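Presented below, as structure tokens, is a lone chain in the form predicted on its own.
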Amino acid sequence: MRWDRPPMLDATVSLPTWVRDAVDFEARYESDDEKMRLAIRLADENVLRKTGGPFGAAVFERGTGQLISVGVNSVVRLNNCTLHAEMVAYQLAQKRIQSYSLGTEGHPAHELFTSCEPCAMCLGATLWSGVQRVVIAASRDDAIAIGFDEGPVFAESYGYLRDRGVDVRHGVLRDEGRAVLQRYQDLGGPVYNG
């Protein structure tokens, strides 16, 4: 493709408008189940409202349970292959705390809750995001079962994170996370592997 003028070079990261009314940013989320239910509810709403894929994520302050940011899969909606739920949540959290890392000295520890095991891109970003803990609902195999290609993620990938101080917990409310994936497939949602 030849350009008469260079194109505008910008990208937008935004949440669907329904998120504003669906999420209480002032609430404190005390337990892992409460935090995970929010991530799963975001994924489910994204499917039901047809604003993206079946994935949701949320970043919290680890000690207080304060919600810092949320993310929903926005790949198709915003025409950007990098806008997976985890990536959106990381970007908006870093913007909110005004730091490129959620692990910056002087800031509280942060954790990510995600409705489905991260793909290779999101898992890589987890290391650089600065979160100290990742909690996962549905598994990689659950996403693969409905046609998503999660890329090269290995047991060693999680070992690498753990070796660098990131605590990882799998399978929290897995059946609820898997149900969102199944609903997405049943509704004929697009599988966008690139």
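Start at 1 and count along the sequence shown; that's the residue number. Keep in mind that this is a model prediction, so the values were computed, not measured.
Note that the form predicted together with another copy of the chain isn't included here; everything after this is about it.
(request) Taking 4.5 Å between heavy atoms as the contact cutoff, choose which of I68, V135, A143, V47 touches another copy of the chain in the predicted bound form. (result) Answer to the contact question: I68.
(message) Is it true that A57, D167 and L173, all three, sit within 4.5 Å of another copy of the chain in the predicted bound form, judged by heavy atoms?
(response) The answer is no; none of A57, D167 and L173 reaches another copy of the chain.
(message) How about D33 - does it come within 4.5 Å of another copy of the chain in the predicted bound form, if we only consider non-hydrogen atoms?
(response) Result no; D33 lies far from another copy of the chain in the predicted bound form.
(message) Please tell me whether any heavy atom belonging to G147 falls inside 4.5 Å of a heavy atom of another copy of the chain, as the geometry stands in the predicted bound form.
(response) No, G147 sits far enough from another copy of the chain in the predicted bound form that none of its heavy atoms falls within 4.5 Å.
(message) My question is simply whether V13 lines the interface with another copy of the chain in the predicted bound form - judged by any non-hydrogen atom within 4.5 Å.
(response) Result yes; V13 sits at the interface with another copy of the chain in the predicted bound form.
(message) Does any part of A27 reach within 4.5 Å of another copy of the chain in the predicted bound form? Heavy atoms only, please.
(response) Because no heavy atom of A27 falls inside 4.5 Å of another copy of the chain in the predicted bound form, the answer is no.
(message) With the partner left out here, which residues of 60-82 have a non-hydrogen atom within 4.5 Å of another copy of the chain in the predicted bound form?
(response) E61, Q66, I68, V75, V76, N79, N80, C81, T82 sit within 4.5 Å of the partner.
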